[in-house]
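The data below hold one chain only, encoded as structure tokens and taken in the form predicted alone.
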């Protein structure tokens, strides 16, 4: 209705203008106020003003200007439609003084005299970003859950942890190698020690080496990085010492091959065909070589246990291996194998935290959907985005 009345009024002004003169410029807005935006990163200013008295008749829009000095020419920030009397100016420089002015733009493009700010306003960074309040709540839920379950485990109370079949199969695989008089092959991925998956693989190697020491089986660990070789040697030596058989440790079974991806794979594939290990463990970050290694191990009849967080390689391991640690199961191996209260409590706390966040997401999605259907504006949109992003980051890392 307002648009219709405005259109009729504009049409009348055009007729009057053609007959008697120009359309008059609108009266300016008044009482322009600029304030630092609360709870932000220090790059926003809040503007507010009183509407022009001609807002409903002659004003097409309001034009906002900014400047770093009252003497420097003002530059246009943006135009907002008539009827609006506030705006948040973003992407400003922190601790920089700013002056603002707002003009009313008439129907024919003429601007009124500006309403100005007389005192400079400075955007400053706050201790807490209010836009991330929902993320803070989610973080507190996770941290609180982890601290609670770590304290629970330290008191000696049992924690129910789901069994991971791939890790439970270590004894079976090493035992089979012992019975057949063959070796166990362990590959900790093809990345260096700065890759978290390599570290997780070395953790599993500790368990495999200790079991091999107890069963008197040989573990062979060809590596594609020299630092991984050094870490693997120390890990295996510590495992043999923990098993009470330090004399059985042979560092020559852990060796460096080459950094070149397919040169390394060619060596390992040939060694597998010649020596026919009874058990093969692939634990770490893999790429195109995953299918080559898994299919070779399958062809020689070895028991194969794989673990990786590389989504593109998981289908190959699932298809060709007997057991596969998928994503988070692989990273949980350290807590699962060690049985340490801090690690078990952390694992349990993360799981509980994820359940709480997922329940919150489901409730939020339901309320947002109901609100949209009913035409009610709800504040859950940004909360859900933050929750989903945070949950994905936790799951993927």
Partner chain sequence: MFEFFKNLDRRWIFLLMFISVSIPIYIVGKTGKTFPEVPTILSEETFRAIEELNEGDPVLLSFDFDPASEGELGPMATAFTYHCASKGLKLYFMALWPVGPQMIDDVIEKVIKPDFPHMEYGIDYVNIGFKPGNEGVIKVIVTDLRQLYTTDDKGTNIDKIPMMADIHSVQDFELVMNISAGYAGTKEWVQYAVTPYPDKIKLVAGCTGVQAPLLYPYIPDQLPGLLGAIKGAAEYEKLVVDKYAGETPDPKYLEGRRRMGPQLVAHLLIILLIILANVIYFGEKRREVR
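Here the structure is a predicted model, which means the values were calculated and not measured. Rigid core here is just the name for the largest C-alpha set that superposes within 1.5 Å across the two forms. Positions refer to the first chain, counted from 1.
Absent from the display: the form predicted in complex with the partner chain. The rest refers to it.
Taken together, the three residues 162, 171 and 371 all stay farther than 4.5 Å from the partner chain in the predicted bound form, as judged by their closest heavy atom.
For the candidate set 85, 191, 110, 178, a heavy atom within 4.5 Å of the partner chain in the predicted bound form is found for exactly one residue, namely 191. With the partner omitted here, the residue from 248, 312, 72, 76 that has a non-hydrogen atom within 4.5 angstroms of the partner chain in the predicted bound form is 312. Contact with the partner chain in the predicted bound form, judged as any non-hydrogen atom within 4.5 angstroms, is confined among 211-219, 115-123, 96-104, 297-305 to 297-305. Using a 4.5 angstroms threshold between heavy atoms, residue 316 counts as touching the partner chain in the predicted bound form.
With contact defined as any non-hydrogen atom lying within 4.5 angstroms of the partner chain in the predicted bound form, the contacting residues in 84-106 are 90, 91, given in sequence order. After superposition on the rigid core, displacement of the C-alpha of residue 132 between this form and the one not shown amounts to 2 Å or more. Residue 194 is not among the residues whose C-alpha shifts by 2 Å or more between this form and the one not shown once the rigid core is aligned; its shift stays under 2 Å. The Cα shift for residue 78 between this form and the one not shown, taken after rigid core superposition, is 2 angstroms or larger.
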